[in-house]
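Only one chain is shown below, in C-alpha cells, and it's the form predicted on its own.
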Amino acid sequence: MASTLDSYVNRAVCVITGDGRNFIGILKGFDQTINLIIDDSHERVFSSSQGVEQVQLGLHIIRGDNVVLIGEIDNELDSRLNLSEIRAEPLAQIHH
C-alpha cells in the first residue's frame, strides 16, 4: 500500500479513521506503517441536525493503525459543495 501512496504526496486527500473521523488535507509524507503527515488540514464533523463543521488543524499526524481509508480529493468538485447544507450521521467507530 505504501508504494500506492507515493502518487498522493503533495495532493489533497481525505482520510477516514477507525474512530469515524474525516480529515482533509495535503499529504506531505508517510512511513512503512502508514503513519500519515497531512498539512493545511481540517476535520469535517458531520451532524444530522446541522451543516458540516470544519475544524482547522494545520499540520496533523495520523497513526497508521487508525487509518481505514485514504482517497484523493477532487478540489474542483469539493469547492462546489455547500457544506452548511449537508446533513449526515457521523460515522460510527469500528469495533474489532
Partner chain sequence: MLPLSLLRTAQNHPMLVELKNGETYNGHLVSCDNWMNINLREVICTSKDGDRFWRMPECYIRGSTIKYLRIPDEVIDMVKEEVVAKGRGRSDGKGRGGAQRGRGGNRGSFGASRGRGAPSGRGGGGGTNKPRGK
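Keep in mind that what you see is a predicted model, and the values were worked out from it rather than measured. Numbering follows the first chain given and starts at 1.
This next part talks about the form predicted together with its partner chain, which is not shown.
When contacts are defined as a non-hydrogen atom within 4.5 Å, all of Q56, R63 and N66 contact its partner chain in the predicted complex. The single contact residue among E85, E72, D78, D19, judged by any heavy atom lying within 4.5 Å of its partner chain in the predicted complex, is D19.
Contact between R44 and its partner chain in the predicted complex is not found at the 4.5 Å heavy atom cutoff. S48 falls outside the set of residues with a heavy atom inside 4.5 Å of its partner chain in the predicted complex.
Heavy atoms of V52 never reach within 4.5 Å of its partner chain in the predicted complex, leaving it off the interface. Residues of 17-37 lying near its partner chain in the predicted complex, listed in sequence order, are D19, R21, F23, K28, G29, F30, D31, Q32, N35, L36, I37, the criterion being any heavy atom within 4.5 Å.
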